[in-house]
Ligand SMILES: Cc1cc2nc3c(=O)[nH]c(=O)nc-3n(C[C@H](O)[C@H](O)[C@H](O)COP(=O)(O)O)c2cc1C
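Here we start with a single chain on its own, the form predicted alone, put down as structure tokens.
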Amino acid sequence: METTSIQKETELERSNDLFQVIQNRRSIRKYKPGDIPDVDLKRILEAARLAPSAENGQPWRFILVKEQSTKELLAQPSTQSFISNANIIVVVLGDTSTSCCPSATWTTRDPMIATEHLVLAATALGYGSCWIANYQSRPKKWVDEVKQVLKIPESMHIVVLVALGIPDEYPKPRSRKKLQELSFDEIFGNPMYFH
């Protein structure tokens, strides 16, 4: 079946939209008060649910935290206490009982892929987000308390926290390395050039 020019234009528009979303994504650290409608939360989580995973193990789980006292617990002790002002904190978990390779790192890597889907979907819908990974340096006592408060099963571990909400800042893009520094033609160190 031949693709019509209208179908091609629609596909091009969609791909342009995707690249625009990727370019627009920023780490947001200031949020306006307000609620994220359930219809948007469902779309954001659906995008995460559709992420790829090793042997389709889908080892990710998400806890959406809106309660202020719990958000404050998640923000401490941290240099990134701003997350307590986010509309929601998404606690991303890795489930070792569902992963194809629980002794490997897939229960961390796969949920991170899903998290990026979540972040890009949030950006597409006009919300801000910020990955928080420094919780790993926090005291074991804090981790134990968070697991107890959120009733996180023993088979699961916290992979990352994501502040999510209505942005109250629009940072300029940060500098990025040139593509030629990151991609190589055939062998490492042979820069890839595009015409």
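For every residue, the number given is its place in the sequence shown, counted from 1. Note that this is a predicted model, so its numbers are computed, not measured.
FYI, the form predicted together with this ligand isn't displayed, but the following is about it.
Contact check for M112: a non-hydrogen atom falls within 4.5 Å of this ligand in the predicted bound form.
In the predicted bound form, this ligand lies within 4.5 Å of some heavy atom of I132. For S27, a non-hydrogen atom is located within 4.5 Å of this ligand in the predicted bound form, even though that partner is not displayed. Put simply, N87 is far from this ligand in the predicted bound form: not one heavy atom of it is within 4.5 Å. Per the 4.5 Å heavy atom criterion, this ligand in the predicted bound form is contacted by stretch 27-35, the sole one of 44-52, 141-149, 62-70, 27-35. In sequence order, R174, R176 are the residues of 168-195 having a heavy atom within 4.5 Å of this ligand in the predicted bound form; the partner itself is omitted from this view.
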